[in-house]
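Take a look at this single chain in structure tokens; it is the form predicted alone.
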Amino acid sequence: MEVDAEHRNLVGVVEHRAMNSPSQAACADDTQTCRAILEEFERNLDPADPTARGAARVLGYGEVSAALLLEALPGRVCKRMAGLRDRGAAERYESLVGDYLGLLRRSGLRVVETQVVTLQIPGRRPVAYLLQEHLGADGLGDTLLREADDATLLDCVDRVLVALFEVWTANRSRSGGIELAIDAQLSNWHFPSAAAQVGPPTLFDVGTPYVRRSAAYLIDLEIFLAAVPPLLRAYYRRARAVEKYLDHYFDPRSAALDLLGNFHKEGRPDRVPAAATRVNAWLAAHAEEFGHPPAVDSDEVARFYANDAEQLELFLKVRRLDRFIRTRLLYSRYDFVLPGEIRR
């Protein structure tokens, strides 16, 4: 697989490449079977109605992705990533995800085993599928956020804050200007439990590799812009909208605010004050390292979430507009799976 010079440099700081990771080893025996099943599904997929043939269920949506359950691949979640420009872009994306997983593990995080399968259907842009174990619902962070007792929830928050600090610390010690970030929202983690205690969580939201070198993102930002009309795409580029949106994940306080903002998305803003107390204790404990950031409060969390939700809702509207133009006016294919109405 061809990898550009920038990615070869990044590979040099990864101890084990994706091809030698447990995720690849676990799937090695049935890679061709998985690929054949995914190719058949993708060939017949209508992105406007991915469940039309009854062999798939939508588990969730990302901004440019969709998590699917396929009857033909039981026990696995298939995260479909569209927006890849060509085969080279698909290969670079697959390589970067592998590097990201390796770097996260070296930073001390537990990350779900992930196999990336890139597909090229003739006449279409390539897509990538990230195959992961279908984790039990009772350990998912969003389930615990809504339903767990206060002590368990606050344990989950503390565990994620520890992971955030591990990533931040690793960034400070890593050479070559490489920085990582994670989306710390509880809904991106799976928490094992034993004897009524929460164990170290496993991160499963790895479809967006938050990696930058000297503040320049290594992921192709056009992936995020491919789903919007060309004229608006130019505006987003000039405004550096994608970069600004991604930047806040690299700031510990902003990442913690985003973690708390997810409480609003999950319908439990009543639990923000207690969780904010844990965040403020964490910020105070690492004040010297973080540059003495101010404490957060429930009102700031609500404003942060409202602004984030507004941006995402606008992005969804322009994608729906682009889908209408391409499918209804230009009679062409729109390659992204979009959600219906979202409660934000």
Ligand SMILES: Nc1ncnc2c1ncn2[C@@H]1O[C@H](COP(=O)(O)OP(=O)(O)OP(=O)(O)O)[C@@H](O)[C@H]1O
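Remember, it's a predicted structure, so these values are computed and weren't measured experimentally. Note that residue numbering follows the sequence shown and begins at 1.
Although it is not shown, the form predicted in complex with the ligand is what the next lines describe.
- The contact with the ligand in the predicted bound form, taken as any heavy atom within 4.5 Å, belongs to Leu59 out of Leu59, Val318, Ala306, Ala281.
- In terms of contact with the ligand in the predicted bound form, the residue from Asp30, Glu289, Glu63, Asp297 that brings a heavy atom within 4.5 Å is Glu63.
- Shown alone, this chain has one stretch from 204-212, 98-106, 225-233, 174-182 that lies within 4.5 Å of the ligand in the predicted bound form by heavy atoms: 204-212.
- Residues Ser254, Leu257 and Thr277 are none of them found to lie within 4.5 Å of the ligand in the predicted bound form, as judged by heavy atom distances.
- A residue is said to contact a partner when one of its heavy atoms sits within 4.5 Å of a partner heavy atom; Leu221 fails this definition for the ligand in the predicted bound form, lying far away.
- Not displayed here, the ligand is kept clear of Gln115 by more than 4.5 Å at the level of heavy atoms in the predicted bound form.
- Although the partner is absent here, Leu140 sits close enough that one of its heavy atoms falls within 4.5 Å of the ligand in the predicted bound form.
- Among heavy atoms of Val77, some come within 4.5 Å of the ligand in the predicted bound form.
- Residues of 115-135 that come within 4.5 Å of the ligand in the predicted bound form, judged by any heavy atom, are Gln132, Glu133, His134, Leu135 in sequence order.
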